[in-house]
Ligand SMILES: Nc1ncnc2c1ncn2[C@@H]1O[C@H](COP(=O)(O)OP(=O)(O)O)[C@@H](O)[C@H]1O
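In structure tokens, the next block holds one chain alone, the form predicted on its own.
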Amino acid sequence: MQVVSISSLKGGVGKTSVTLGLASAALAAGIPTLVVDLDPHADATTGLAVSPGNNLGIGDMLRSARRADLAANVVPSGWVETARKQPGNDPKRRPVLDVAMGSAYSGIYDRPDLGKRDLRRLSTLLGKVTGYGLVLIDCPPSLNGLTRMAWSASNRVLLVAEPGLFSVAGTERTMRALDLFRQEFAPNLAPAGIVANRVRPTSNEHTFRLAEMKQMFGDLLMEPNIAEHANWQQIQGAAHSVHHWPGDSAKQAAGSFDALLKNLVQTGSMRNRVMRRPAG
């Protein structure tokens, strides 16, 4: 089971959008996937069209991590039913896209002084579940307790950045923070890579920043870039999978996330990449 934290220390770069795009691609590919919504704003939970019922949110489960039953409290994404109704879908195939729901209560752990025992809370919860090929953790845009808790529970970290000055600088800071965290708490943790999001191919500034990112981060800069799409907000506002949204623009976006997911989950050199600092 691959556990991937999707992180950025700068807000507004589309971290949750990338999480949702990868979840959509995993659903289309038939990979049993769990999304853990660790951001107290719970935007991923909303975007995945979850009907909570009486299930516990992730904040309540973290509070009693040793006793809580994560498997009993995950909720299927509303996207699953849509996937089953797609033309040509094998009725015997049961797609799996579950959600550990976000909650404002998890914010009590989003502080800088979280101890080692608290950092293991999410690891304890995930250690009780089986049957998933992929776990995606949507982290808050900070390096406080929740992000560090997610990193402690993960195999790899996927960083999200926009091709802009502040975002690129923030990504470099995140890489250095990840390096320090690995040395102190998680020696087996490694970056899955960096995905450039909301890219405008016609923008000279974006072209310049992408070249800068390639120089700074080398082959950690993943392919493909995720282009800015005019109807992305409409898709998210409808709490809909991009793979099931009509139109050429959505089809192109879905193809980008398919390729990104393939690069993310592939075995070999990426999985075993040795952690290194970005070039100065």
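Residue numbers run from 1 along the displayed sequence. What you see is a predicted model; the values in this text were computed from it and never measured.
The same protein also has a form predicted together with the named molecule, omitted here; what follows describes it.
- The candidate site formed by 17, 198 and 236 is fully in contact with the named molecule in the predicted bound form, as each residue has a non-hydrogen atom within 4.5 angstroms of it.
- Comment: the named molecule is not present in this chain, but in the predicted bound form one of 220, 216, 65, 227 has a heavy atom within 4.5 Å of it, namely 227.
- Contact annotation: residue 232 falls within 4.5 Å of the named molecule in the predicted bound form, judged by heavy atom distances.
- Looking at residue 25, you'd find every heavy atom of it more than 4.5 angstroms from the named molecule in the predicted bound form.
- Taking the partner from the other structure, the named molecule in the predicted bound form has no heavy atom within 4.5 Å of any heavy atom of residue 261.
- Between 70-78, 115-123, 190-198, 176-184, the stretch whose residues reach within 4.5 angstroms of the named molecule in the predicted bound form through a non-hydrogen atom is 190-198.
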